[in-house]
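This document opens with one chain alone, in structure tokens, the form predicted on its own.
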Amino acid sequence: MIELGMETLPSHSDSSSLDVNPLSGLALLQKGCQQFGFDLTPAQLAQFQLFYEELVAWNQRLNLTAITDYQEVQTKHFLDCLAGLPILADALCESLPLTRPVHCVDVGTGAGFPGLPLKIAMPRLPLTLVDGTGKKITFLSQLVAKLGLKEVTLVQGRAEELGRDNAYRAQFDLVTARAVAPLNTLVEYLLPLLRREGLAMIYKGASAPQEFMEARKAIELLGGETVRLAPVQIPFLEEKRFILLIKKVKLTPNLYPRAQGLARKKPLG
């Protein structure tokens, strides 16, 4: 299930090909994190800068993201991902930055969102990144190495498969997902991976309240209990965002997740 491709890292030595304003630096990211209640160290800022450069370089052929503008990556990717930290810290009764080693799996991570920004901000976070596309896993493997991140595991696979595999089922303290699927489908992917008392932290846009109404029965059926549906304000953005926290209060029935594709074709509820 774990497959790391062998693809050569694209060169980005020509800085003119990168949409970087050297005068602005990562000011938006720094100020945004301060609004969230924590500061990034110079080393962490350097990691975010390298993350941006690698994302843009690889995006020229892998189509990882439609967002490549330097300012927009800081707000719509980095800060958007980090917006979950104050809510998570509150749920764990901790302050920021978190120091507890919460074992996290990021499902449908794509270009590493939200998992890698969370890992950079919380270096002690043991992290598993899951995606079904081999080329994205290749990108992530080289990115993780360049960023010097430790305790990061890369898995190529589908959430339905992992949720039925004892190596992953009920093994995580935290599961995250951002822009993966409608909520009544997504919870069937996520909740089987959580230990009892673990948390699912789900990033959603303006449709979150309606999606939550449609997913309430599925959440309960899968062993979850909603802790919080919180509107969040991303610094320097006007778009409406929500963070949904679900606590795993009982074991997920063995029937779930169902076979590949059923969660999308026939959502629970």
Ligand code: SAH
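Residue numbers run from 1 along the displayed sequence. None of the values given here were measured: they were computed from a predicted structure.
A second form of this protein, the form predicted in complex with the ligand, is not displayed here; the remarks below concern that form.
- Residue heavy atoms within 4.5 Å of the ligand in the model of the complex occur in exactly one stretch of 129 to 137, 84 to 92, 146 to 154, 192 to 200, and that stretch is 129 to 137.
- In the model of the complex, A159 approaches the ligand with a heavy atom inside 4.5 Å.
- Proximity of R178 to the ligand in the model of the complex: non-hydrogen atoms within 4.5 Å are present.
- Under a 4.5 angstroms non-hydrogen atom cutoff, the ligand in the model of the complex has F113 among its neighbouring residues.
- With a 4.5 Å cutoff on heavy atoms, G108 counts as touching the ligand in the model of the complex.
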